[in-house]
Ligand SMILES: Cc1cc2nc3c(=O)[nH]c(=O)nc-3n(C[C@H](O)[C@H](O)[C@H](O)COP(=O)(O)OP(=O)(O)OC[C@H]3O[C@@H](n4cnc5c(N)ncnc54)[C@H](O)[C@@H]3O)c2cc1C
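Let's start with one chain on its own, the form predicted on its own, as structure tokens.
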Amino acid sequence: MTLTVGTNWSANHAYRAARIEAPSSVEEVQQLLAGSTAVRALGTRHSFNPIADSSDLLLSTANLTFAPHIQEYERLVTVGAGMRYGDLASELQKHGWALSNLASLPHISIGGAIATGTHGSGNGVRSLAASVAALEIVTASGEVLQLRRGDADFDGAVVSLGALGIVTRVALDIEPTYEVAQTVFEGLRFDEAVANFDAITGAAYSVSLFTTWRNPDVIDQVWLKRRPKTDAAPPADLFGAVPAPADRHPLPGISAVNCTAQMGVAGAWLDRLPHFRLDFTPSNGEELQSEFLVPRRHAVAALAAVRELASKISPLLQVCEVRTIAEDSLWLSSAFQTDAVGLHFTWFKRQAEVEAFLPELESALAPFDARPHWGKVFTADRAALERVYPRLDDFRALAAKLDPNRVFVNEFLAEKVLPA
């Protein structure tokens, strides 16, 4: 199936590929790769930079949505890489199963999310990629490669940036279904937030802090997502922050109609772990996003550094979210060998101004070994990335082995990760 090339989610990048195809089988993927010299996989287009673009062929995974196969004894589900997390979650729930984690948006594709190291939140919750137990990859030569957790190359192949081949199937860890209850607190003083950071982020299974930085002395909202059977009841007072009297949107003054249910009412995991509902589009694309992840030991100092820039950040910013992620062993994961804290910025769609400011923000976070999210807007060069990703040379060797002709290396990867 041939599609329109078009733009990414926010329309801040127009894909320059000559063509886009949407195969629906492994065999069709192999046929499209035969003879191709420049190919990139494209998921739900939620990257905010050119990481998924190609000078020739874009291979959409939209039709690689093979029905989920649940292996109850192994606690695994195998699914097509193009399926959206929200659609998989619905199927799992029907059979009494769940994922341990979801991102703020259930609209994103499984393959694209894991390839870029996308994550949710929780002191003990690892990234979406860390739930991957096995991968099926079609390489440029047409070989169908199966990699499983424990294989020599597995930890390098999960967060792959699309540089190794086309991921067609993924096996994910699952667990029995569970409920989540979500409570929002408002008006947390910044000083209380940093003095009690561990207690606040540990107050529920998943915790997110939101602020616009317009008042640098206050964190506007704290979202607690509890598993009622195992987590304590929400406090009446969260270090001075008080429960919101009604459902809230992360952006001040915006209706919460698109958001998942709050007010402490328990519901299925898939209806509470994301911030936004699957049956609504949470934004009309009028935004840019950046995220920088620092080792947890640097979290308080990094927050203080961001606060120092509040007067420059706030005019460009819609909202900033602070989340925690548990460490993993995946080479290009932002939580590689360290518990991490994500500093996520949803900007107004003013790309020139945002890109002009980002070097200052990145410089302020550099002492804290900040790793940029691969799918968002950042300006870090290859040297900066080499400093914070110690297995980058190993990843280059793996890419050279699986894709010696650099079929999957576009200009973005050549500049940032895989020099010729």
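Everything numeric in this text was worked out from a predicted model, so none of it was measured. All residue numbers refer to positions in the sequence shown, first residue = 1.
We do not show the form predicted in complex with the ligand, though everything after this point is about it.
- None of 172, 115, 224, 302 but one reaches within 4.5 angstroms of the ligand in the predicted bound form through a heavy atom, and that residue is 115.
- Within 4.5 Å of any heavy atom of the ligand in the predicted bound form lies no heavy atom of residue 123.
- When contacts are judged by a 4.5 Å heavy atom cut-off, residue 330 does not count as touching the ligand in the predicted bound form.
- Taking the partner from the other structure, the ligand in the predicted bound form has a heavy atom within 4.5 Å of a heavy atom of residue 323.
- The closest heavy atom approach of residue 289 to the ligand in the predicted bound form falls within 4.5 Å.
- This chain is displayed without the ligand, yet in the predicted bound form the stretch 164-172 from 258-266, 164-172, 146-154, 189-197 comes within 4.5 Å of it by heavy atoms.
- The candidate site formed by 88, 250 and 277 is entirely out of contact with the ligand in the predicted bound form, as no residue has a non-hydrogen atom within 4.5 angstroms of it.
- Along 382-419, not one residue places a heavy atom within 4.5 Å of the ligand in the predicted bound form.
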